[in-house]
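So this first bit is one chain, no partners, the form predicted alone, shown in structure tokens.
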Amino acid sequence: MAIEFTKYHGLGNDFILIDNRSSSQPVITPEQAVKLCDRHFGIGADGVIFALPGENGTDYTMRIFNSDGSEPEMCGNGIRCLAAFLADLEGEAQRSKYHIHTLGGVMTPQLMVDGQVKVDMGIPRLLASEIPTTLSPANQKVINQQLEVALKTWDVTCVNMGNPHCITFVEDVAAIPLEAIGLQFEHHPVFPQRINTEFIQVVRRDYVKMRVWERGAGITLACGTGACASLVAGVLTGRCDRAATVELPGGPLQIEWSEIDQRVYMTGPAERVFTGKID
């Protein structure tokens, strides 16, 4: 049986979207997802996203398999792409806002009139037990903690935005040897569930540059949850305002950590690339 798919990207972070609304389980396996994500022998993507029926009163459920076959709790760029995909599936009946069940909690993307997608990413989780990490005692935050990676000591701050992030601030983000050290951060023993890692250069309090190593996908052009986590880390360490532009290799995201409700809001694009069928 052929499975229809649509390819989307959010600032170059690209995904294969599958209409999975007729089943509560993904219609392909993690092993098949690895093959589809291969950029030489498959479609090519950072992950496969499934639009499943909603749970616990939500409109839909999001599941995602990374390009290595692992399953993350959530994906910021991915959920913007999912919202655009759902709007395409619904056609004239499309709604402007969706409540999406994910393994990282309920996320609420909203389709804006300018084509951007704004997502309520929820309240960041900051305790070491919530990351999870052993860098600090379980009931304490992880702010400016020292971590040894690649024979160097890094000051890191950790944030969970539905998935775990380790953020370090650097003078020149372009000089970071991400290819050499990304995997060492991801698999460091202080992170029992592995970790996404962001390197941040603060240009101004309202403008930062970011490079990312994503858990299960490696170097990507953008990471929505990572951009959110990085702004939170910037606020926690006194480097950033509560609203800022986060410049990624694939383009900018607008991130705000609201002082009113303590929720993080992410605004950025989601673009359809092409459609096809998988045998």
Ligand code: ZDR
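Predicted model only: the values in this text are computed from it and were never measured. From 1 onward, residues are counted along the sequence shown.
A second form of this protein, the form predicted in complex with this ligand, is not displayed here; the remarks below concern that form.
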Have a look at Pro72, Gly182, Pro124, Pro109 for me and say which one sits with a heavy atom within 4.5 Å of this ligand in the predicted bound form.
Pro72
At the 4.5 Å heavy atom threshold, is Phe15 in contact with this ligand in the predicted bound form?
yes
Quick one: is Asn160 in contact with this ligand in the predicted bound form, heavy atoms, 4.5 Å cut-off?
no
Consider Asn196 of the chain shown here, and say whether it contacts this ligand in the predicted bound form, taking contact as heavy atoms within 4.5 Å.
yes
Partner contact for Thr58 in the predicted bound form: this ligand, 4.5 angstroms, heavy atom:
no
So which of 170 to 178, 200 to 208, 72 to 80, 112 to 120 is the stretch with heavy atoms within 4.5 Å of this ligand in the predicted bound form?
72 to 80
